[in-house]
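Just the one chain here, laid out as structure tokens, in the form predicted on its own.
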């Protein structure tokens, strides 16, 4: 019984981690249709921001929940104003630009921070279940992931700001004719997506450590999750995180982490073969 409970918690932890690394991309790619290949580097920079802020004496919760998203959100705003805003509607150009940005950020991080793993201790201790012990921080991450998805869904579906954002993404010209400033909406939405990516990096820093090349491991999983989710970026990403997380975690436990990643990719391929518009494609179109 204890082993089953621990296994269930590990499964939920995998789902929570997958949901965290996908949320920022769900906003930037799923909602804005910007192919952001620098998404993994936004996560990496959030991790570095949390680590260095903690080492400077900032409370670890403030470093992870405030400093990391603010730092990466500000960087995302600058990048959107300087680069991305000139490329909306040009998906190939956006993909190439963010790929170059990804390489630039990895190079800068390696130059300034060194090619070594840095990290911080988890802010919560272990949890004892019978003869087994797991980190209680993993459960905290799952709770934060659920809260973030619920908050984003509420923001996009139940607030005036969310209505303006959805209207702008669906029809920029019509939104402008109704008095909405599309340029400002795009900038704020991109910054929000970047901030969510930085928040994920800060929260995962105690679990995975931080190294300049860590984003490579995250970006593929995030894209697979968001694309599998389909037309509704927030709800779809939440649902695909659950499905793919179960498959990934099960194979991790039964075989190995490598087979877990392979199974995740195969499962996503099968899902998209059976449901070309994603899990939510049949039920939603252009909704959060």
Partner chain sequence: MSLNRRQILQGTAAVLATPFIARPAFAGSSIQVASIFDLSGGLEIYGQPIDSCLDLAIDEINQSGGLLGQQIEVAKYDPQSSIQLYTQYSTEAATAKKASVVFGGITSASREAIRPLLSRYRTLYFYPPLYEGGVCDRNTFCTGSTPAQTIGVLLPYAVQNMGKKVYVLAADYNYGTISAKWVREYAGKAGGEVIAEEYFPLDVTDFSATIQKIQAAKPDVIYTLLVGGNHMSFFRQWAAAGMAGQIPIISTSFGGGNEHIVLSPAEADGVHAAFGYFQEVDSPINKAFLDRYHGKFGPDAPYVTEHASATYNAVHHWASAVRKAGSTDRLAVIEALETGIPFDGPGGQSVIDPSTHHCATDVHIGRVKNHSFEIIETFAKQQPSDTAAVCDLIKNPDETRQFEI
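Residue numbers count along the first chain shown, from 1. Owing to the predicted nature of the structure, the values given are computational and were not obtained by experimental measurement.
Beyond the structure shown, there is the form predicted together with the partner chain, which is absent from this document and is the topic of what follows.
- A single residue from the set 177, 170, 115, 159 has any heavy atom within 4.5 angstroms of the partner chain in the predicted bound form; that residue is 115.
- For the residues 83, 207, 75, 148, the 4.5 Å heavy atom test against the partner chain in the predicted bound form is passed only by 207.
- Comparing 66-74, 251-259, 35-43, 233-241 against the partner chain in the predicted bound form, the single stretch with non-hydrogen atoms within 4.5 angstroms of it is 251-259.
- Taking the partner from the other structure, the partner chain in the predicted bound form has a heavy atom within 4.5 Å of a heavy atom of residue 125.
- By the criterion of a heavy atom within 4.5 Å, residue 135 is counted among the residues contacting the partner chain in the predicted bound form.
- Not displayed here, the partner chain is approached by residue 17 to within 4.5 Å at the level of heavy atoms in the predicted bound form.
- Taking the partner from elsewhere, residue 218 is found to have a heavy atom lying within 4.5 Å of the partner chain in the predicted bound form.
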